[in-house]
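Here's a solo chain for you in structure tokens, the form predicted alone.
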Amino acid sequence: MKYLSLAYLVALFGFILLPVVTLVIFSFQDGRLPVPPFKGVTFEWYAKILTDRAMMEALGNSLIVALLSSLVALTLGFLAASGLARVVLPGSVLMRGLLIAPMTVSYLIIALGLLQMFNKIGIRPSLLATGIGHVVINLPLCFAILYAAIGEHQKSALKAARDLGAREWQVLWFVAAPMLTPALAAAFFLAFTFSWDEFIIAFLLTRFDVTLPVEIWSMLRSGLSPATNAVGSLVFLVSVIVVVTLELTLFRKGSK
């Protein structure tokens, strides 16, 4: 049974990680196509993308949009979760449903709706429009994570702080936020990751200043290249560094 479980874990991780391993290996391909056979190791493609001005601008745009939209979504989700957890209103169930509803809607439908709305009110396709779109899709995620993390213990602590005379912003900043730090971090980094990788909304709501996924799509239109593998490998490396850092610092500290 022990060896069967081990074999199952190996097969599971192999199934999950094989595409990523293949992507990384062929990012070093000493040839023009990232396909077998592997012809040798070269860092040419990494040097090419790191010196590509359009790629670096798209990378900066993605970082800005992901960071700001995730912070806005986290703040709004935190406030909504704290408010709905504090009091039970006649329409609380409906409010929670409406807040979570965008998670069940296709990104394409959301993007088309936002595009039409922005055209009506005069907002042109831009990084701002993309950031608003990412707030729309990440706010339900942040709300769901934070609302689920607020248990009876947290509610009792918040109530005690209010009974002792703390103002609402003090309760949220000095009591609620520290208790929900792991959940806040999880919500933020999930929102950041979804915004970082999101393509459809960014494609429809940007024009000249594009994000990294849109720039990668532009590269793919000209055909397969190890350069696209190199971009994907760097993005994956950043994600791994973030996850490992969180595990070694925040989450491990929270479990203790």
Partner chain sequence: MSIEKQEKRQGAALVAPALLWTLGFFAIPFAAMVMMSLAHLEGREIVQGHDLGNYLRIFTDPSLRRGIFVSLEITAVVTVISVLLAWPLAWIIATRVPARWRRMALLLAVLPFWTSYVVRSYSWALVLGEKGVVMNALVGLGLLAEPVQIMATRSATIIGFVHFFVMLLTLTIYSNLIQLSPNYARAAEDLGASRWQVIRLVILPLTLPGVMTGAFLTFVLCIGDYITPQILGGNNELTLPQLIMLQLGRRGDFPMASALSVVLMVIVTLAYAACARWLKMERV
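Treat the numbers as computed from the prediction; the structure is a model and nothing was measured. Take the two forms, find the largest set of C-alpha atoms that superpose within 1.5 Å, and that set is the rigid core. Positions refer to the first chain, counted from 1.
Below: the form predicted together with the partner chain, not depicted.
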Subject >> One residue of 144, 115, 185, 179 in contact with the partner chain, assessed in the model of the complex (non-hydrogen atom, 4.5 angstroms) >> reply: 115
Subject >> Option touching the partner chain, based on a heavy atom within 4.5 Å in the model of the complex, out of 47, 220, 41, 54 >> reply: 220
Subject >> Contact flag, residue 28 vs the partner chain in the model of the complex, heavy atom cut 4.5 Å >> reply: no
Original post:
For residue 105, is any heavy atom within 4.5 Å of the partner chain in the model of the complex, or not?
Top reply: yes
Original post:
Is residue 119 close enough to touch the partner chain in the model of the complex, meaning at least one heavy atom pair within 4.5 Å?
Top reply: yes
Original post:
Any of the heavy atoms of residue 83 lying within 4.5 Å of the partner chain in the model of the complex?
Top reply: yes
Subject >> Stretch 34-73: residues contacting the partner chain in the model of the complex, 4.5 Å heavy atom cut-off >> reply: 34, 35, 36, 72
Original post:
Can we say the CA of residue 223 moves by at least 2 Å between the shown form and the other one when the core is superposed?
Top reply: no
Original post:
Rigid core fitted, then: does residue 38 show a CA shift of 2 angstroms or greater between the shown form and the other one?
Top reply: yes
